[in-house]
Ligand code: DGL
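Only one chain comes next, encoded as structure tokens, the form predicted alone.
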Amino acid sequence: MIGIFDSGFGGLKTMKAILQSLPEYDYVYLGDNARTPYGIRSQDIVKKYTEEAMHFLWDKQCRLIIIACNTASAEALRYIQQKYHSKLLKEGKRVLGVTMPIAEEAVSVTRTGRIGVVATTATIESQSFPKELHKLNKKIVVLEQPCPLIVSFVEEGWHMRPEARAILKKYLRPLKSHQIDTLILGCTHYSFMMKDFIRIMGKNCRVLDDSTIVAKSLKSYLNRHPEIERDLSKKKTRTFYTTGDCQKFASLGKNFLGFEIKNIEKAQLQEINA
């Protein structure tokens, strides 16, 4: 099975793109809606929550896990990969993030080398995107802007309201004034306001669709790693877990995923001893 983990609803957009590209596999989605947003939490807490989520998905027989949450990818991915290196190799399991494929896409499409990043406060403070971008091209100019309120608007289904659009416009003003030509949406939740990002930034700035990029990267990964791909079950099952309210997840999640969500269960994440 393929596991997809996010702090809330945001990863459903990533899952939608992955299902369109790779529909034959079995998927388990875990949204930690009860503890979202991750972007305002300390690195230690994000590591703890992410580690608990990984164990939950491993217990559900997920051999490949995508950490769709940018904050968790930035703050906890390397920690998970290093701490469980022997376990992952021995059991033929993998945990992947989203930061690297998005950075690679941004470097490949920028015309001027001026790339903007919008993300949660935690992701901005981690400097994960500048690090990845500069690994690929040291001359890239990176301009970052935290947008802490957007996650809450999306989680509540309020992202279409005029207030959300007004706040987004205020957030993007500094980036627009610096004439970036490529914008990275460094949080899965932000893509639900994609049309607003494109409208505000204007025709001279390309806003990257992170969900499509991640789906493309996963397909490429599976092609390059047949030893992982052949062990993934292919019965087209989709199972959803949330640490929050299942009824709310079904109601709002349907709008994000694009179809009615069935097989929703309450997830109880167990505390992991250090």
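The first residue of the sequence shown is number 1, and the count goes up from there. Predicted model, so just to flag it, every value in this text is computed and none were measured.
Only in words, not in the display: the form predicted together with ligand DGL, which the text now covers.
Options 213 to 221, 245 to 253, 66 to 74, 226 to 234; stretch whose heavy atom lies within 4.5 Å of ligand DGL in the predicted complex: Looking at the partner contacts, the answer comes out as 66 to 74.
Thr36: touches ligand DGL in the predicted complex, heavy atom cutoff 4.5 angstroms: Heavy-atom contact with ligand DGL at 4.5 Å: present for Thr36.
In the predicted complex, Ile184 touching ligand DGL (heavy atom, 4.5 Å): Outside the cut-off, so no.
In the predicted complex, Ser128 touching ligand DGL (heavy atom, 4.5 Å): Although ligand DGL is absent here, Ser128 would stay clear of it in the predicted complex, with no heavy atoms inside 4.5 Å.
Leu133: touches ligand DGL in the predicted complex, heavy atom cutoff 4.5 angstroms: It does not: once ligand DGL is placed as it appears in the predicted complex, Leu133 has no heavy atom within 4.5 Å of it.
Ligand DGL in the predicted complex - contacting residues of 140 to 158, heavy atom within 4.5 Å: Stretch hits: a single one, Val151.
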